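Consider the single chain below, provided in structure tokens and representing the form predicted alone.
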């Protein structure tokens, strides 16, 4: 009886700890990236030396699953799009509609972040390191292209999505989505405003689906 009891508790613990992991449904894979920098080289007339300017961020992809009606509460705290090393960091930020974003300046000079994008048109004006402007709410899905009025080489992107299921690839194009609802949905890989790759996928409870976005796209379940 003692052995059975102990075995039962062990099985319960295994189910409680490991079962949750096995119940997670996900998608992982890679996206082929171009490796292009997001912005041009900085202009020499800024008076900045090479050590002050960070390398222009490279193109990354945003992979997201479109699940009609899927919503989560936006983050309680605003997300950050920092100006650091006279570049936007991160270069690509993905957010769910309703999310707030702030634009702190970590450089010793003024910045002036603005966007003419239809999704979110704004101009924060010039602000110094100790003058972080108020948070902006991104309440409409779409692409927001970011620029600095002072430093014309600076480029950034905020991709606003109506789904909570998204991930930004790493520099090698790898991504992972987890905690996904079961069903057949559309998976998209956004590279830029002209390039979005789409593929229908079927998410199975407790399974991780592999989807690679390349010249020949593949999908396998394990």
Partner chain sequence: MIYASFFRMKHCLAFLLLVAPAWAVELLPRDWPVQASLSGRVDLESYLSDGAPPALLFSDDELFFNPRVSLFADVHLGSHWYAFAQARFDRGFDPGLNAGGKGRIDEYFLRWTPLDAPVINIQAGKFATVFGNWMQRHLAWDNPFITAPLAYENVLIMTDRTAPAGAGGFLGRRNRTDTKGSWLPVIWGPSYATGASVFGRIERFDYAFEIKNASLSSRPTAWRADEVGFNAPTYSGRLGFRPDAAWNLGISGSTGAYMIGEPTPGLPAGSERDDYQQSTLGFDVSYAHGHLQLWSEVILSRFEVPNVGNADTLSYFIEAKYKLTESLFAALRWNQQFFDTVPNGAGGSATWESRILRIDTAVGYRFNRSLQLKLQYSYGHESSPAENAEHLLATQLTWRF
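All figures in this text were calculated on a predicted structure; none of them were measured in a lab. Numbering follows the first chain given and starts at 1.
There is also a form predicted in complex with the partner chain; it is not shown, and the following applies to it.
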Site test, 26, 88 and 175 vs the partner chain in the model of the complex, non-hydrogen atom cutoff 4.5 Å: no
Only one of 55, 43, 171, 182 gets a heavy atom within 4.5 Å of the partner chain in the model of the complex. Which one? 43
Work out which of 38, 65, 161, 62 lies within 4.5 Å of the partner chain in the model of the complex, going by heavy atoms. 38
With the cut-off set at 4.5 Å between non-hydrogen atoms, does residue 197 touch the partner chain in the model of the complex? no
Does the 4.5 Å heavy atom contact test between residue 48 and the partner chain in the model of the complex come out positive? yes
Using the partner position in the model of the complex, report whether residue 103 sits within 4.5 Å of the partner chain, counting heavy atoms only. no
Taking 4.5 angstroms as the cut-off for heavy atoms, does residue 98 touch the partner chain in the model of the complex? no
Looking at 70-78, 88-96, 135-143, 115-123, which one sits within 4.5 Å of the partner chain in the model of the complex if you count heavy atoms only? 115-123
Can you name the residues of 142-160 that have a non-hydrogen atom within 4.5 angstroms of the partner chain in the model of the complex? 147, 149, 152, 155
